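The chain that follows stands alone, in the form predicted alone, written as structure tokens.
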Amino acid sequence: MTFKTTRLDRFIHQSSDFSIADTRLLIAQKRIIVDGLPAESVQQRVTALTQVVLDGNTLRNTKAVYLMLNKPQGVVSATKDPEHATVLDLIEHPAKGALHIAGRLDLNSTGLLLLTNDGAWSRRISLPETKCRKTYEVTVAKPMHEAYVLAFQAGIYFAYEDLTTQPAHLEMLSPFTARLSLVEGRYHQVKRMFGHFQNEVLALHRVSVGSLTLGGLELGESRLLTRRELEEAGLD
């Protein structure tokens, strides 16, 4: 069995509050111990089985990463796909191989996608019980009317799962466009809710998750969430 290797300076940066540049000084001060011996070089390779001790504390490469991406159309919400580009192909981060998606978007849907290596955090976002609200901009093929608003608020019955969706808020912006907020993320939920009226969704763009918004992030771009964003979102 082979294990992925990481340069020691990158490992220190990902696993502590020290920067990559700090590692050289830490080595000189003999504050880093690798498998029982003082670290030798910033280029020294470590794996998942390597024991790295910094100032007497054993490090694990589990520094939490919280990242947002403005997903373009035609990109798969997956880490691997034989036919399409994946969201990880758009991300430049040393720990991207450990990230997973918190709330997927369909191939042709666009907008705010969250990725993390923190499983508990992603569950709080994704589970209906936490009532984390997601907001979408929707374009449909046929004109909408007031019955849509009432039906979405009351909940729409999905026969396959034998359940009724939780109340959702639909704001019609024009006969063909709307802003939809809901607290669930069931399989193709938005398309199926509009399908109740035999109305095809032509475009679906997620603009927010809780208080997190894309801001000026361009399609295909990604960035780390700030501590303030995490705190304000109540997801920290």
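All residue numbers refer to positions in the sequence shown, first residue = 1. In this text the structure is predicted, and so the values were computed from the model without any measurement.
FYI, the form predicted together with a small molecule isn't displayed, but the following is about it.
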At 4.5 Å between heavy atoms, only one of the stretches 188-196, 50-58, 167-175, 29-37 reaches the small molecule in the model of the complex; which one is it? 188-196
Listed residue that, although the small molecule is not shown, lies within 4.5 Å of it in the model of the complex (heavy atoms), from 88, 115, 144, 105: 105
Pick from 46, 68, 209, 204: which has a non-hydrogen atom within 4.5 Å of the small molecule in the model of the complex? 204
Using 4.5 Å between non-hydrogen atoms, is residue 136 touching the small molecule in the model of the complex? yes
Close approach of residue 109 to the small molecule in the model of the complex, 4.5 Å, heavy atom: yes
